[in-house]
Ligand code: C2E
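Next comes just one chain, in structure tokens: the form predicted alone.
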Amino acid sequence: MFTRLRTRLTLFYGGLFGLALAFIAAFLYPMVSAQALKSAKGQLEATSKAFERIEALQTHQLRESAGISATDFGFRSAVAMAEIDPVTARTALANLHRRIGVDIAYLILPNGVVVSEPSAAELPPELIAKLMADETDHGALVLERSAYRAVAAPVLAPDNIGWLLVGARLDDAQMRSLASLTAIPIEAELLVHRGSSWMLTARSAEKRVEDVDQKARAPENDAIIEDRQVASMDGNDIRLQLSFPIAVALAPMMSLLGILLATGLVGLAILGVAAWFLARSITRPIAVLEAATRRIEDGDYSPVQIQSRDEIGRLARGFNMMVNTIEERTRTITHQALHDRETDLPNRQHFERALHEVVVESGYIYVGAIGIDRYSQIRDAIGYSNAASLVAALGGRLRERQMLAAPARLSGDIIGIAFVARSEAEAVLWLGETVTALELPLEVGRQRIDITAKAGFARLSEPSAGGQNPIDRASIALDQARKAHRKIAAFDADAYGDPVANLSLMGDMLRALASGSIFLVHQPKLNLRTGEYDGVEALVRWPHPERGHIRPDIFVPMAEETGHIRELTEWVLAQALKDQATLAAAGLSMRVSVNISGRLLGDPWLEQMVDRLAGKGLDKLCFEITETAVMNDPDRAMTQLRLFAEKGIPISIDDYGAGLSSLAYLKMMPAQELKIDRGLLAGLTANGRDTFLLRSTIDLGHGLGMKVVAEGVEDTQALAILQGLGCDLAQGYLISRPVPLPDLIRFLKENTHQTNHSLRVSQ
């Protein structure tokens, strides 16, 4: 209804004051009475709290006196002999009574016997039980018709040999002292509940009423009562009641009633006028500040102009300082959010924003990712700070080239750039010149540093890219350049493949293992000395229901990268054991060779899995390990291979000759078999260099005590040469293709008793 603050303030203050006057006029007397009663009640509460503080102070004093007395050597000695010599204990108690100036003193022994002065009142059994159970150690205590503030202290020598109970009387003098703490005439009484009535033990007034019939002394119509529960030591209901006459409380207030009413009426008129002018002086600068806040929302940080020197003026100056600070912090935060802290180069977010704003009239926009070779080694050599300075200096060099956006640091060793070219060939040429200029020597931290770099690039918008980020494509292109040992590489979508589909392929593989869609095939090994088949190699096959037959060289590396190689290996070993048992049941007992991934060699999980399968005939298998698999962690790998050898599991060195073979590793590996890679058999002739290398390899294997297996045998000439060179075993398509287990059993049974090697090969 009233939208202006000025009007609302005036009406609010005037109406509030008028409402107060009307309320006073209508309920003047009850208000004054209530205020007077409240004031009196407050004084009673303050007196009650004073009693509480006095009670705590006296309890503390009693506890200190009792504690000191309980630790006195002579007193403890008397207590220790109390059961034998109660007279001495009673005398010591009387001396303590007089020395510390208490009104009562008792000694309670662990057997429940109470030692006290002859004239002392008897202690309640409930109190003795609580003391012995450590349920109480201080509080009010009622003996006969008197109340005491009491404290109990254990007597230790060093075990508990009794309790010392001392107390001070709560009498009329204490009640009068309590009543005198306030200027108003109050009356203090101490009541104890006994049976169905209340007993008055002490009061500040002269008159004493010993028993009161009602539960507590009810407040009379002309007095205010403050009733406080007093902590009891023996379980009695003890209360302190403070009372104050209402008539005395109201007397000072009555004379003010007339003056208050008259003053209020005059004040109402003055307040209405003053509130209007006050609201006007407040709302004008507030409106200015409100307009300034709307300007800040729009990015306008101009200061407000308010010249007053009062709080509003100080508020305006503070507002201007805040606006300046916000503007500065906004610039700083924005800069930090869009720049690399180490080099002050733009970061990836800044680079992405810049790419969205780039527009060219001709040609294509390309995104490049330039990577510093051996950056981690350089950083370790010159330090992190100098490495950051190096990247910043390279960014400065790149700014000298004509680019569409400022060079940005995409990661530790990668700088992103954007440039225009009319074709991919022109982009390669331009990027090559940029990398060449970037590789010129530079000095960082008084050190001359020579660097080399590689670069990958991708078009900002490519039809084949889908929703892929161009910066990501450029970074992937850099990885492709590094893998191919090329200086410059464009993003190759076909080589990169489909990572999402590959990830889903691993889920399909796990489901295929569970459902049996993946299976093993076996390729037999022909013993060239005996003419018998004395081993097979197990190979994994996976016919995918949607993607067709997936080669092992596709899904096995993916399983290694994603960590699913464990599940695949465990399944292969378990299935190989089953197939070996099936062969043995068919009368074809022979060793089954299983390929073990180099990613697992040295992994404790492989040892645990071998231990789980150890009792299931694992020694009937053979682990084929590539020589390069031990190079990542040679010590751990060799230790694990020796452990397998000790468990009776034969080790075969697979693909020997396919890579950079090391005689040092070959000597250390506890292997029983050496498999020659099929690459050494390609184009094999009787008098060629390959034959000489093959003979040397066979002799080397025999010299190290290993059988030599040649894989990939595909023609009879190679088989004859291998037999002539003394090779022990051969496998390949000439002998048999990898076949499922039923076909393998049939093949072996048909060829087991043949003697002519030429008849043993698969047709």
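Keep in mind the model is a prediction, meaning the values are calculated, not measured. Numbering starts at 1 and follows the sequence shown.
We do not show the form predicted together with this ligand, though everything after this point is about it.
Stretch 730 to 738 is the answer when you ask which of 33 to 41, 697 to 705, 730 to 738, 48 to 56 has residues with heavy atoms within 4.5 Å of this ligand in the predicted bound form.
In the predicted bound form, Leu539 approaches this ligand with a heavy atom inside 4.5 Å. Contact annotation for Asp413: none of its heavy atoms lies within 4.5 Å of this ligand in the predicted bound form. Among heavy atoms of Gly712, some come within 4.5 Å of this ligand in the predicted bound form. A residue is said to contact a partner when one of its heavy atoms sits within 4.5 Å of a partner heavy atom; Asp134 fails this definition for this ligand in the predicted bound form, lying far away. Contact with this ligand in the predicted bound form holds for none of Leu127, Pro154 and Asp234, as no heavy atom of theirs lies within 4.5 Å. Among the residues Arg397, Arg678, Arg348, Lys487, the one placing a heavy atom within 4.5 Å of this ligand in the predicted bound form is Arg678. For the options Ala202, Val323, Leu109, Val556, the one in contact with this ligand in the predicted bound form, meaning a heavy atom within 4.5 Å, is Val556. Taking this ligand as positioned in the predicted bound form, the only residue of 508 to 530 that brings a heavy atom within 4.5 Å of it is Gln523.
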